[in-house]
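Below you will find one chain, with nothing else, as structure tokens; this is the form predicted alone, and questions on how it binds or moves follow later.
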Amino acid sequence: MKALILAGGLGTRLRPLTFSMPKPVVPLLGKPLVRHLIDPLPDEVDTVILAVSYMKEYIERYFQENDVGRNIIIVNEDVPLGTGGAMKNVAHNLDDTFFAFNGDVICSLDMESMLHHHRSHGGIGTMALWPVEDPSAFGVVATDDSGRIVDFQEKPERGEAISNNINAGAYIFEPELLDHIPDGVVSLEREVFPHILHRGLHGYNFEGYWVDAGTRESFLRAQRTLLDLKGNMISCATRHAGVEFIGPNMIEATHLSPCRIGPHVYLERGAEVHQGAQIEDSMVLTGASIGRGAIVKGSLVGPGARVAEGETVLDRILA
């Protein structure tokens, strides 16, 4: 069985971090974003197809250097084709039932259970659904009593949504779906899904957590969510005499002077934090240096970035 990950975006909302690395390999708690989709896949999935359009060589190099236990096929788009166009572009690789994911999704979806649900209900596909209080920023889905999807609504006005269930960006499809996607730049959500409801498209609700981690704010929300679940992960090789740790954090082997860290901080191996610095709700990657007395909150600090002595960095991306 195969899985398709739609990762063709340029990562513009995470710039300047994504000027030096593509979004699929930005580390979320020490693991590239894309691995949070690949690793939980059922054992039945032996091949993962990545549809990309930016820094393909960087992504290829990562998978050459890291065995993920599955065959990885990377397909490049010369120009971004949208979710539907990207799927059509790899159609020759999809000859049986397949998973498909938006590349930003971080969630607690039980993929084995979803696959069982799909096979028991039949139809052309199954879409993971997630409830939100305000669906006005999302694609909204309405289902009947049997769970079959009967209507779509894209980013409705506040208070006018047909339900509070949104498209969670995780799917299982039969290859027949590909016959309904025209060539060119195509949106699955707007141009395909509304026209295949008669073929049987079902919703699958799940519990736990769901984050679309494509912006600084949502990326850090995903980090907070996972840290709250996993608790403290502090390497025993970390020098931390005099360091005050608050709440859950993930600290890899790094050099720490007496400072204050947390809650919800990821420090990658090779980062440096100097005396009196304070870091909260942030990610600091290898080679970065947080200067003496500096304050970093709500920020992503990329590889090799420098925060000067006494500097305050709030809600920013540095690279």
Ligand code: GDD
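Values in this document were obtained by computation on a predicted structure and should not be read as measured data. Start at 1 and count along the sequence shown; that's the residue number.
The form predicted together with the named molecule exists for this protein as well; it is not shown, and the discussion that follows is about that form.
Undergrad: If contact means any heavy atom within 4.5 Å, which of 72-80, 117-125, 172-180, 195-203 contacts the named molecule in the model of the complex?
TA: One stretch meets the cut-off, namely 72-80.
Undergrad: Between the options T143, T225, N102, S218, which residue brings a heavy atom to within 4.5 Å of the named molecule in the model of the complex?
TA: By the 4.5 Å heavy-atom cutoff, the listed residue in contact is N102.
Undergrad: In the model of the complex, does G9 have a heavy atom within 4.5 Å of the named molecule?
TA: So G9 counts as contacting the named molecule.
Undergrad: Any chance A51 has a heavy atom within 4.5 Å of the named molecule in the model of the complex?
TA: Judged by the heavy-atom cut-off of 4.5 Å, A51 is in contact with the named molecule in the model of the complex.
Undergrad: Give a yes/no on whether E154 approaches the named molecule to within 4.5 Å in the model of the complex, heavy atoms considered.
TA: Within the cut-off, so yes.
Undergrad: At 4.5 Å between heavy atoms, is F98 in contact with the named molecule in the model of the complex?
TA: F98: no, not in contact with the named molecule in the model of the complex.
Undergrad: Within 4.5 Å of the named molecule in the model of the complex, which residues of 195-215 have a heavy atom? Give them in sequence order, or say none.
TA: Stretch hits, in order: W210, D212.
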